[in-house]
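You are given structure tokens for the same protein chain in two forms, set apart as structure 1 and structure 2.
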Structure 1
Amino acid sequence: MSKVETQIQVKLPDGNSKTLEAGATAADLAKAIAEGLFRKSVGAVINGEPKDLYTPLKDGDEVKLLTADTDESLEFLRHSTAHVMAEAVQSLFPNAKIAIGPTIQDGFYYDFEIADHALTPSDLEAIEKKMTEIAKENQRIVRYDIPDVDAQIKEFEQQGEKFKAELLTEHRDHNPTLYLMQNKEGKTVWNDLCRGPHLPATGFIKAFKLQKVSGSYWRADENKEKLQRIYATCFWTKKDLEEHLKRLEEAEKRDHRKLAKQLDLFSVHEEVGPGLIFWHPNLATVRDTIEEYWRKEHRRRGYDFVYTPHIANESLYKISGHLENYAENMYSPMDIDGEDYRCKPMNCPGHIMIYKSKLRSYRDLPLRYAELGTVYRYERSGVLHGMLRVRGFTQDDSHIFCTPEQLKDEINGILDLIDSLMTTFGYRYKAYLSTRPEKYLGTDEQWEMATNGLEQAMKDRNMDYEVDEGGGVFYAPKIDIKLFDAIGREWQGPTIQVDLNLPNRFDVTYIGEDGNRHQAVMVHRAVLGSMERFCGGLIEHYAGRFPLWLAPTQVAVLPISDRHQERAKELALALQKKEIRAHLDDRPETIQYRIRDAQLEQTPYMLVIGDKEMEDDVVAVRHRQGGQVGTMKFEEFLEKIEKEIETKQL
């Protein structure tokens, strides 16, 4: 054989190449570069796809070696730790049957069917202990191509592994593989059907935590087998794990459902139905304040407010395509005068109806319609979550109708509004440009115009963004904004879509300068998203401590005794006349008790009125976090908080 046939050349991320013997693996590449790199390598990305470290390489492959320092490696770690957990469970509970065990954000889970046993916290401790043993054994994790699928299915069935047998039957034509866990002697001690990739061995696994057990169903079907799901997380180092667990502990304290009970914010009632939110006065005040601010900002930017009906004839949603593409998320029709009507799932068709109520000229454009519109969408009961996932919600919806030439400026105006609002609420954010998917409506020219308009607006602002290739919806490219809250968690934020579908379906046109009809450009835009999700997120972002301008009660006025009540009433009334939300707490409790109550209710400021304050014509000011602020003239205090409210200090 010639030298060319016995060697291969692979490309490295830095642009250099490396020559290896034919048949060499990514592990051989790591060893050829440096022995230390080989010891640290946990996997590879070959031609853009994550692969096991011992994957054979071909001539011309582009290879990136992964260590614990690379972002992609965490997926390898969590996927492999999930297998270690499943091995531990079946070691402790031999009758356990395994289902699926995918990675999820910040961790992984595994589903099991365990006859006649419900997993307990003490079981999780035992499983963790067994996992530690498996990790220390440094079992090899070996990929095995299944040579005879029918024989393997039969073996799974004989073992009672019905879920594995079903999955293998389903994926028999997808080059199915097993991953084998092998001990020091090379004997296989456990296996699972899996496409991988995985770590080379369990010795890399050092920091993990089993978090909780919950119920689930095979294939998420309530009519199929009931399973037990173990949620877990893992990191490369114990330090990273401890920091993550601390973040989870902080997130638990901030859970908006828990704070809702403490602060009397909202409720959900079985008699009414899940996913339907009742806003109590405290949170309704927060919402009203946000909506007032929202309206003011939109007026400044040339938006017109509209209101559209909550129900519409089904024919509207046939035109829009919702019945064709979105019916499973819509509620059943109601018969009205012999015709079918539906609760609206979106506001856009209603805004189009207003636009089409008369002939439009290019001189009328852009038209910016904004509505705090309530919509109704079916969500499975299992995914409902407080205010964050609901069935009825109010969107801060807007649709802009403009000419192609106006698109970039309109996008820029929306981005300006987004920045202003998100900064006011104290959110950091990151932008993503989602481009044309494989299946799409409209012409290539339309997509290019829409995508360029979105991208150019961000470039003009020197805005940092990432491109999500193919991440657009079938009818529109879009900008997605991800928000980062006070503890670094990511939330779905504002979105901007340039719609290439509905203007065509509804024949949304305008008369151009040439006297001909032209299709208008339609931009969908939500800044806050839904009021439910946004306010639920704010509760957690602020940990229930709303800034002064949003706080349900801004000032608590506390007379020390009966003889101070008249003065306290005067001050409370004076604050209310200035549209400051003041509460007079003159209950026959001790002043210390009432101060503590105001702090627990997260009231930003407290005014304490006693003999000395009345004698010196001052107020004693306390803050919910800093304690005693000091004494000052009431007018001075009023000026201070009016400025704090006006500037929306965080």
Structure 2
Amino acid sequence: MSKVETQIQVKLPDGNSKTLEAGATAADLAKAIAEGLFRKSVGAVINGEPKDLYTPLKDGDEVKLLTADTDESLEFLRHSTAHVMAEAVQSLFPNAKIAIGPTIQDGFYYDFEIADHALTPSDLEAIEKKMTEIAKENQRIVRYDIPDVDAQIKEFEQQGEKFKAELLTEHRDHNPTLYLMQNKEGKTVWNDLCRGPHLPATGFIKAFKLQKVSGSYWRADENKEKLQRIYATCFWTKKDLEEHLKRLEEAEKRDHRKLAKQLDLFSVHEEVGPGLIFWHPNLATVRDTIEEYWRKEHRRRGYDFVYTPHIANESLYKISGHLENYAENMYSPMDIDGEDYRCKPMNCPGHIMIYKSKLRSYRDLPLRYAELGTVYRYERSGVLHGMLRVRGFTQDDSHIFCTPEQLKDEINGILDLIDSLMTTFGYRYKAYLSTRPEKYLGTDEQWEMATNGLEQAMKDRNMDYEVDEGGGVFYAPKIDIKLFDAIGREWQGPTIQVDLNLPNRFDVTYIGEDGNRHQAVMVHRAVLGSMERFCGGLIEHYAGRFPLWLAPTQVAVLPISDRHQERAKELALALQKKEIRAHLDDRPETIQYRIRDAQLEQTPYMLVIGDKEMEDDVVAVRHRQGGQVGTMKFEEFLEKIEKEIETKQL
């Protein structure tokens, strides 16, 4: 063996190389660079793959060391903390059987089966305490290749760790590994089947929080074992953790259900039924304003508005296939003159009826039918959530019928509409293209035509998008758009689907240039989604502080005392005449009180009218956020807010 072979060379991210002894690990590399670096290192990215710090390196490997305190290594921290949590749970509840414990968006969870015990908040405290002990003990986390899979499966089974046994059986050919938790004496005190990678030791774990316990199922299958899931999060520093918890609090303050009570926006009534929304005047005003804007934007883009009935003979849904594929979300039939009728779960069949009411020529296409169509769907009781998940809602639905040649331009038009609406509301967004899934209807050519139409339109617009390969629905490729709100949270946004099913089922055709019948291309799209969900989302996006153009009350007119009442009334009426939503608050309360009220209601502008204002023929303007703006002529104020409304300023 030549001397050269006892050494290896690895590449560092800065382009430099480092020569190490053969068999050296990433930890050795860290040490070779600097002792301080070694102390901070928690793992490595080797040839693009995250790995344990003690992974042996090979000649030519590209190695990037991961240190604590970086976002990149947060996964390591969270994953390892999940294990520590499981270790703590099993030490406190020896009966607990561990399932899985992945990292998620802002933290991690671990699922357990604990016979005869339901975890409580005080259990969480105890678990946290135990975790702190484990962290302080600085247990080493050691990767261990399972030499004899069958023996290990047997051991799991003997321990009653049936989930681990099941997982190992499944992964027997994937070089399965255990991670061992070892105390100072090097004794293994706990282990878990895991792919890794992990921190080298638990001492890095300093800032974590167990958040809530909830139910789940083994493999998310409600027919399988019921598990208890603990959600938790973890950061490198206490400061980061606190900031995160603060963000959660902030989000809670924006909760649309909470704001709905404070701002008198909507209600739900037990006597009426869950998931059915009552829009109070304030939110109805917001909705109406949005709908007006929505109509205008559609009219400008060549849409036709239609209305369709809320119930229909169920034979319609037999043809559409909804009864076959969607029945569990539909309400039971009602008997009308011996025929079964159903509440409509979707608007598409209705729009198709209009299309099919006469023979269509290629000259008629594209036809763009739009409807704020109210639909009713059965949602399982446990999933209902304020306005965001309901049982009756109004979709801003549209169906476009066109020729295959027209498809791309139509998609382009929709994307344009989406862009202008979402920008108006102040959302950033991101597009995802979902392509053909494994199980699908229609021909390959149809899928290609449809998918290309979607993709090409996005390319033409230079849009950023991600492809979700195989993520389409069985009858359609689609573009889904995710919205990001004011505090960076993600919302389900607009969607565009090219339907390869209904045109066939309903025989949706047009007469082409050649005089023959051709199947029309049908595009479903919703921009706002549903008025319920969209408005619910908007409440949170704006934290209840609707921009002037949407605000339920735009201006509060506040006379200081009785002798200013006449003038205030006059001004309020003048505003009303200009279609500005003004509210005269001349209650015999102090001006401070009424200002506070208007502030709490998030009224954008307040006009205070007293002696000085009457004398100088001006109004004193106050803004909900800017405080006192100063005095100005009424006309000047009017012009200012009319412009703010016109431009839909955020």
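Residue numbering: structure 1 sequence, from 1. Here the structure is a predicted model, which is why all the values come from computation and not from measurement. Here, rigid core means the biggest group of C-alpha atoms that superpose within 1.5 Å across both forms.
Only structure 2 comes from the form predicted in complex with the RNA. In the core-superposed comparison between the two structures, the C-alpha atom of residue 77 has shifted by at least 2 angstroms.
Relative to the superposed rigid core, residue 47 undergoes a CA displacement of at least 2 Å between the two structures.
Two rigid parts move between the two structures, and the turn of the smaller against the larger, rounded to whole degrees, is 20°. Per-residue C-alpha deviation between the two structures, core superposed: residue 176, 11.2 Å.
After superposing on the rigid core, the C-alpha of residue 109 is displaced by 4.7 Å between the two structures.
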